[in-house]
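First, one chain by itself in structure tokens, the form predicted on its own.
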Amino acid sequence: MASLTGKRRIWLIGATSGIGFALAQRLLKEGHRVALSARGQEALEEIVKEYDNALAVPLDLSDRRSVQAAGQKIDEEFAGLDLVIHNAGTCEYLDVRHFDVDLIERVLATNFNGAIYTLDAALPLLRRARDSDGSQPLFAAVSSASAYVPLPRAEAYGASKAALSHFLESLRLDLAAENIDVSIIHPGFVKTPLTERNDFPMPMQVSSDFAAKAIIKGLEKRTLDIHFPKRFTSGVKLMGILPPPLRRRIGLTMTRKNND
């Protein structure tokens, strides 16, 4: 079973369902001290009551002050962080016939701005851990394989994830001098409450537990780009580097031809 060596101080955002819940269960069973964040306090308390190494820290990712307050609470309890996993996100698909700016802004606010708020709160705690014991802390965030290539109806979702991946890849370069690592997670289709709403085929879909195991394995190795299942994500990555005319032709085969 994939595991992180040693006992880490971890902040997991988006911990109450899907990949986040599977990660929480694995990390807590391995004995790490884990601060669990999500919007719903009741769902967090359900997890925490089973583990004495868990800390419930509810927050609203759309509210910068809420995220800062969560970071301050974790700092008071943990005195620094060895690992941050930003897993929270949302997905809404755009119907271009009814162009919806509010939808686009909602998706970008959660998937991109929320991650930036997390970084703002987490970086001081990662630096504190590094300074106190000479460790090499790690910030990781869940992006998406859709960040590799434009897809129909994914204007908002894909753009938010591509922006996140680009931002973190740039940040990785600037944090190298501070001895802080950055890992970006690009899953394919994972069976979660979010993907259950999808109205299209999801090839090579994997379970949340499969995803959690792959993520932990990648984090232990400090893999820069954690992507899975590789049979699927490698193909998507290849599609992303094809010449634009060919990429367009493939993309057009995925568009809807009617008003369904």
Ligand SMILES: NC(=O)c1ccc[n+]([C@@H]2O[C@H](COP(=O)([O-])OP(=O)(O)OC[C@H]3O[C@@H](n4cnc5c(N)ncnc54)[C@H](OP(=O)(O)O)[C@@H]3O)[C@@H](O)[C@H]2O)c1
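Predicted model only: the values in this text are computed from it and were never measured. Heads up: residue numbers just count along the shown sequence, starting at 1.
Beyond the structure shown, there is the form predicted in complex with the ligand, which is absent from this document and is the topic of what follows.
For a residue to qualify, one of its non-hydrogen atoms must sit within 4.5 Å of the ligand in the predicted complex; all three of T110, S144 and Y157 qualify. Residue heavy atoms within 4.5 Å of the ligand in the predicted complex occur in exactly one stretch of 88-96, 74-82, 127-135, 173-181, and that stretch is 88-96.
The ligand is not shown here, but in the predicted complex it comes within 4.5 Å of a heavy atom of I19.
Although the partner is absent from this view, A115 stays clear of the ligand in the predicted complex, with no non-hydrogen atom inside 4.5 angstroms. In the predicted complex, the ligand stays beyond 4.5 Å of every heavy atom belonging to N53.
Within this chain, F189 lines the site of the ligand in the predicted complex, having a heavy atom no more than 4.5 Å away. A heavy atom within 4.5 Å of the ligand in the predicted complex is found for exactly one of D225, D209, E46, D60: D60. Only one of R64, R39, K217, K230 comes within 4.5 Å of the ligand in the predicted complex through a heavy atom, and that residue is R39.
Along 191-205, residues T192, P193, L194, T195 each place a heavy atom within 4.5 Å of the ligand in the predicted complex.
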